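The form predicted alone is given below as one chain in structure tokens.
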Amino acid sequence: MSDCLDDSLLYLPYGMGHICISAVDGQVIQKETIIPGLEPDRIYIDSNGSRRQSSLLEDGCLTIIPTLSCNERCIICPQCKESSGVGALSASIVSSIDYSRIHQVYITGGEPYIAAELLSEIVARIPNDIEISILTNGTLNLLESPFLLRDRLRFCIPLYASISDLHNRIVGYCGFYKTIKNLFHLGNNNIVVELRNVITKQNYTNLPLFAHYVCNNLPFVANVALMGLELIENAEKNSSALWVDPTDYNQYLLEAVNMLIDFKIPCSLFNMPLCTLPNELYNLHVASISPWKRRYLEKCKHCNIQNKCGGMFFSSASAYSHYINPH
């Protein structure tokens, strides 16, 4: 099929098979095609005979990447920045997929607002009863977006410290005050915001001050997600400067979480094996790692709480191994 077309081909989930469409004009090439080796819950691109995963559909959640370009140079970034053409395919994905299987769409990148027109086009094509979460660094102009009054819209924005220099060092860009300004604008317009903070050797001792800053300056946020590190791409290259053992950060994590809870700000713990957390934080644990990235160690097989644990990133498993304590 790909031999007779110069266009990239897009395989979208369709029952237990796939729909094959032209990525350029969205034309359906063939329906109910069973493609050997392709999993029905993922979306693939076939360009010049080379098959590549483009976006994911997992547990009713679709992930869309309008662009891999970014205006920041985060030392913790797990995203590959190779040119891939995902932006040109995003509109085809959102307009061709069956939304009866989807309850949430994540739009991420790169920085989605670098492709602001495409981002607006993507959001416009998603049905209004689908929740949309936009993962953005919050440094560009968010307020010109024509979809800000859309129902079921959520912004997920990273803030890695209460200190501008520390946050800026992690993101490789002087973006702290731009992000704070946009957070205030979103809050003033009653738009749902989730703050995200990845715990590293750079910022773990700042966690209580970070929580204090949020409680006193950003009390309107809907949730604060404190997250484990994914050691891949830039994060892997900088692992010696980033990785911190859970036993070193837990006291700071506990203090920060208790402060947020005291101020009635919801808090979630992402990307952390359950057994590495203090017992009193178990109820905040979220099994957030995608199944295709998730790993459990051999000794986890006999753990009584494995069914509640989100495991660890396959790329971070060796770093966690000494701290995994099956229950």
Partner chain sequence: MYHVFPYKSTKLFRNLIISSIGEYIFCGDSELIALRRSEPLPGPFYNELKTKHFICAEGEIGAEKMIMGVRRQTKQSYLESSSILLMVVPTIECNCDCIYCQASSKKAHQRSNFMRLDTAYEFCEFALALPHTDIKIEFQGGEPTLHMPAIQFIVKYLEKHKHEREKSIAYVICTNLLEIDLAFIRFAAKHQIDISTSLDGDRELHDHNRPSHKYLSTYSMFQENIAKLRSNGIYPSALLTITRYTMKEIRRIIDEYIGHGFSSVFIRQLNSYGYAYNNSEIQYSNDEFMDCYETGLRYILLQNLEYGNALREELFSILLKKIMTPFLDGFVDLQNPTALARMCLLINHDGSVYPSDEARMMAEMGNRNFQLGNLSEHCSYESMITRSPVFSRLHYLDEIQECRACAYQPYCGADPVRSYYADEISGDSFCGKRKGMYNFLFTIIEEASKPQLRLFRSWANE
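Numbering follows the first chain given and starts at 1. Remember, predicted model here, so these are calculated numbers, not experimental data.
Only in words, not in the display: the form predicted together with its partner chain, which the text now covers.
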Study note, to complete from the structure: Interface check vs its partner chain in the predicted bound form: of Asn217, Ser95, Asn141, Asn189, the one with a heavy atom inside 4.5 Å is Asn217
Point to revise | Listed residue that, although its partner chain is not shown, lies within 4.5 Å of it in the predicted bound form (heavy atoms), from Ile114, Ile163, Leu153, Val193 | key: Ile163
Review point. Is Tyr282 close to its partner chain in the predicted bound form, meaning a heavy atom pair under 4.5 Å apart or at it?
Key: no
Review point. Can Tyr204 be called a contact residue for its partner chain in the predicted bound form at 4.5 Å between heavy atoms?
Key: no
Exercise for review: Determine whether any heavy atom of Tyr213 comes within 4.5 Å of a heavy atom of its partner chain in the predicted bound form, and answer yes or no.
Suggested key: yes
Check your understanding: How about Ile261: is it within 4.5 Å of its partner chain in the predicted bound form, going by heavy atoms?
Key -> yes
Check your understanding: Where, among 239 to 247, 133 to 141, 115 to 123, 217 to 225, do residues come within 4.5 Å of its partner chain in the predicted bound form by heavy atom distance?
Key -> 217 to 225
Practice item. Spell it out for me: taking its partner chain in the predicted bound form, does every residue among Phe184, Leu209 and Glu255 have a heavy atom no farther than 4.5 Å from it? Key: yes
Review point. Does any residue in 118 to 138 get within 4.5 Å of its partner chain in the predicted bound form, counting heavy atoms only, and if so which ones?
Key: none
